Structure formats: C-alpha cells, structure tokens
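Below sits a lone chain in structure tokens, taken as the form predicted on its own.
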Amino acid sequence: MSKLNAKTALAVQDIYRPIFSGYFAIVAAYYIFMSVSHFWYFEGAELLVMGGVAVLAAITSLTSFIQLRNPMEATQVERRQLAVNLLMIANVVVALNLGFEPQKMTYFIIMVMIFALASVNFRQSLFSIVVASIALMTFAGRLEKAAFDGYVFLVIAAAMASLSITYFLRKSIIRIANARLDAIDQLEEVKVVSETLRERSLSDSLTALPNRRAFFERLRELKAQAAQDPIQNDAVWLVLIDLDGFKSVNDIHGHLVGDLLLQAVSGRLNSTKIEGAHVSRMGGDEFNVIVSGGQSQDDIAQWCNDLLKKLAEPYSIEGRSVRISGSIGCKQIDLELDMRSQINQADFALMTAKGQGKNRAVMFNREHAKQAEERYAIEEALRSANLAAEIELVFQPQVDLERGVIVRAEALARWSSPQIGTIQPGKFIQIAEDSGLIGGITLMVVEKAFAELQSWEKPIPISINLSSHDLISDMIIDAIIDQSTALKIDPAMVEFEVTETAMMTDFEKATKNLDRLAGAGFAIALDDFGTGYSNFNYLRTLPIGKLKVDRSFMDNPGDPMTEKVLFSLAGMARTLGVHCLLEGIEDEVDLLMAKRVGADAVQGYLFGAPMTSADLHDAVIGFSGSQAEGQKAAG
C-alpha cells in the first residue's frame, strides 16, 4: 500500500484510535484476570515466572490504554502495540514451556487473527504474525507431524484471511479518512465563503465602511456585553454625521464625483477616528459613529470639532476642488434603554445642528429632550388629525407696485389641534415635511384653496406653497391637476410657489413635475430666492414666472449693501424675463427700498397680515377705493 501523506495518516490514526484503545483495554483486562487466576494453577518459581509475564502484559496494556486517551504519534502507538503483542506471545510460550498442552497451541491462531486486525499498519501486523509463527514452530517437536501440520495450516490460513480482511478494511478506512478530510476542507471553504459573504453583507460596497446592518449589529453586541457585565458599562456615544452641500455636488458635478467624494469623506472619517469608534455608512451622505471607549462629553465634543474641520477641508476630485461641510448630532446612550428612541434623539440633535446653520456639532441635552417631546406630540397629533376640520386657510395679499393694487394672495395653512391647541405654522409644516406627512396637508390646502376660488364672486388669483416632498411626488402632482380639472378651476388663477432648496432634493424630478404644472396652465414662482443656489443656468431651465426675494434681505435696510444685493436680484429677474416680488415689507422704508431696486410687487405686514377670506376681499375693495381716490385727486 502506498505511503500515506501526513494529513491522511493522522486521520486514519484518529479513526483507528477507538480500535487501539479497545484492544489495549481488553488485553489489560484479560491479563489482570490471568494474573489473579495463576495463583490457583501455579506455585513457587512457576508462579513467579507465569505471574510476572502476565502482570507485565497487564501493566503495559493498561498504561497504553491510559496514554492513548491523549493524542499520540503513530510510531509511539506502533511501539506500544508491538510490545503488547510480544508480551502476549511470551505469555503463551512461557505457559507452554511450563506445562505443554497441545490445545494451548490454538492461542497462536487467535493471536495471528488479532495481530492482523488490530495493528497500526500492515508492517507491524506482518512482523507480529511472523514472530507468533516462529514461536509456534519451536513446539514442532512436541507434536505429532499431522497435528503440527494442521496447526501450521490453520495459522497460515488465519494469517492470510486476517491480513486480507485487514488490507481491505484499512483501504476502506483510508477512503473514509480522505472523505472526512475532503468534507473538512469543504467545510472550511464554506466557512471562508460564509465569512466573506457575511463581511460583504456588513460592508458598504462604495466606501468599504461597515453598513447600516453592521451598525445595528454593533449596538446589539454592546447591549449584550452590558447585560453580562453592567458594572463595566462605560459611556457609549452615538454620533450622527450628515454632509452639508453634498446634493449640490451631485447635481453640479455628477454622481461619479459624488461617489468619489463619499469615498474621500470615508477616508477622513477613518483617519480621524477616536479610540473605540465604530464608523458606518447608513446610506447616501449619512454616517453613524458608535464610540464605546468611555470618553467624556468634553472628549467627544473636541473630537467632533476636529472632525468638522477635517471634513471642511477642500477635496481634490477628478481635477475639481470640491468643498462641503458636515453637521453632527451626539447623544450619550444607555444600552439598557430602547435604542430606537435614543437614535431619534441623536437625530434630533443633528437636525438642530442643521437648523442652527450647519457645520457644527450639537450634544443632545435636556432642552432638546423637551423640544423632541413636543415635536413627537405634534407629529402624533398630525398623524391622527382630521385635516379637513382642523386646517384653515388665511391669505396674505401681494401688491403690484406700479398699479398699487392687490394682484394675488398667498394661501397659508393654519392648524389648531384638539389635543395640543394652535401650533405655529413654521413648526408644524417643518415637522410634517420631516415625517413625510406634508403631502396630506398640501392636498388639503389645495382643496380648500380651490373651494375658496369657486366661492368668491370676484376671484382673486392665489398662490399655494409646494414642499420638496410634493415636488418629487407624481401622485400629489396628479391629484392637484385632477382636482383642478374636476372643479373646473382656471389654472391661470393659481400659482405654485417652490423654494430653491426644495428643488435640490431631486432637481430632475422636480423640474419634470414643475413642467407638468406649467403645462396644465398653472403659474410657477420661485420662493425664498437668494438664499439657495441661485444658479443662473438652472434658473433658465425652470418654467418660473416670478422670483420671490426672501424676507431676510430686508432685515437691515439701512445697510448700503442691502440695496445693492436687492438690485442685483431684481436685475436677475429682469434678465430672466420674470416678475420680481420682494417679501418682508413691514414699513414705508422697506417699501421705498423695494421701489428703488425695481421690484414689481411686494408682500408684507405693511399691506396686511395673513387674513381670512372675507378680510382679503375687504382689503381688495379698500385698495381699489384708494386707487380710485388717488386717480380722482390726480385728475
């Protein structure tokens, strides 16, 4: 039989181990019994000799059995087995020499079979059988020739049969060993593939950072550790990072540059990691960091500030210099409490950072907890609100500067909840947008505004705001167009206002839906103009008929720069061939400024706060009367 390789030999030995162990145990038990029984059959010197070899065989077998319980090299097993075999032969030879009995010759036949079947290898089997056969030959002279020939024949037959059985048995065991090794190798390959797939499932394909799934798995690991050893539960921080201005990079430079930027950001996050940090990409331009090193709030605050500086450094991508910043929300989390609510609290801190001007880190505190609780209450009230009964409309007039008449009114939603009372519009609108509930409010405002238009004896053109969610929702745009058609609303009487930032959520989709509205005959106005991107190239592609300059430009009318900025914005409107409306006109000084910079229309508290439908019509009549009186006085 060919020599086995090391791995197969060890596997074969491992399979044979129970056979060898059983062999040594049976031989040890037999010779222990024989050692005792010899006291009944021998005495004197014979007892010493016979008992001595029996005890030696018993001790050798017993120690071999005990030592085989631990892994042994094949050569050690072979030597011990050979020693036991020779001692067995010695016991039979001594017994026959002390008292020859022909029937005891059968022991040689039995041993030949045992040596063939229970041996480490074929070489040892053959050697032991040869020794046993030689021992048998030494007693040839004590037997009649016929009897001796019979014993020789039986020994040869037993040896050949046993060796044949052993050969094929060993060959089968080698096959079993190889099959086992193949199975182990395949299992290892499966484990490697499984681990690779697991790593891939926990890794973000673009940045190679751990992904959302890995983030939550890390939280589960920390919770499990905390449950096992609550005393060693060090401070754990959750840090949420959102990139500022990433959407504009995608829109201006394309998604390839955006992807490369995300990879560069990931590299900076890794290079600026704090001890115990687990950084993961949650999707888009959102990254989460779990810091489990027991750091203090000051440590986390310092690290966040350093990280913000690092993120704000220019990026060189595809030959372009790209600048972005980041906003961060932090929360020290309690691993024994509900994790989802704590993630929401960290997200609230992130939104606060965004609302405070971006490029900053905000630690969730008690005041935030109070605000978050209020926000949650408003959101829950919105979810269960009867919008038809609870939403009311007010209107703020827009005045044409040249003619001095109200030419349009902006429809504004007001909400009074039975559970929590009246909520400021800026607050509930923002919460509705963040929670995805704004669509229902928009459609209710549209429905009520259309109903007002139908009810007015002398219709006044109205303006309705659309959110970023509305702009990219085909369903909402379809509903608006279908509703206007069903109610036979003249689309020329309706203007939809959208902000620049709302457009940036998905510029292509938003533009497509604005084109649909414009195609249906509705007017489009760009609200909060001057606070967003104000990119002339994309403004040219939009179906807008009006630019509404944001009210923030009127905060300091005494600043000479204010008039210059307003003049340039009004000039852009003229260049585009659209109307320019200036918001935030609160007094005569603001009005004078609006006239000087060339605004076409104005809106603000100087001409009326948001008012009811009835008050709006009174205001229209009042403005018309004032204009008539002015014309009469001039005549």
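Note that residue numbering begins at 1 and tracks the sequence as displayed. Fair warning: this is a prediction, and the values are worked out from it, not measured in the lab.
What comes next is about the form predicted in complex with a small molecule, which is not displayed.
Student: Given a 4.5 Å cut-off on heavy atoms, tell me which of 572 to 580, 603 to 611, 32 to 40, 51 to 59 is the interface stretch with the small molecule in the model of the complex.
Tutor: Checking each option against the 4.5 Å cut-off leaves 603 to 611.
Student: Is Ile585 a contact residue for the small molecule in the model of the complex, using a 4.5 Å heavy atom cut-off?
Tutor: So Ile585 counts as contacting the small molecule.
Student: Contact with the small molecule in the model of the complex for Ile480, defined as at least one heavy atom pair within 4.5 Å: yes or no?
Tutor: Because no heavy atom of Ile480 falls inside 4.5 Å of the small molecule in the model of the complex, the answer is no.
Student: Can you tell me if Val92 lies within 4.5 angstroms of the small molecule in the model of the complex, counting non-hydrogen atoms only?
Tutor: No - in the model of the complex, heavy atoms of Val92 and the small molecule never come within 4.5 Å of each other.
Student: Classify Leu466 as contacting or not contacting the small molecule in the model of the complex by the rule of any non-hydrogen atom within 4.5 angstroms, answering yes or no.
Tutor: Judged by the heavy-atom cut-off of 4.5 Å, Leu466 is in contact with the small molecule in the model of the complex.
Student: Contact check in the model of the complex: Gln396, Ala413 and Ile429 versus the small molecule, with a cutoff of 4.5 Å between any heavy atoms. Do all three pass?
Tutor: Yes, because Gln396, Ala413 and Ile429 each have a heavy atom that approaches the small molecule to within 4.5 Å in the model of the complex.
Student: I need to confirm a contact call. Of Asp204, Asp527, Asp285, Asp347, which residue comes within 4.5 Å of the small molecule in the model of the complex, counting heavy atoms only?
Tutor: Residue within 4.5 Å of the partner: Asp527.
Student: Which of these residues, Cys304, Val445, Ala214, Leu269, gets a heavy atom within 4.5 Å of the small molecule in the model of the complex?
Tutor: Exactly one listed residue reaches within 4.5 Å, namely Val445.
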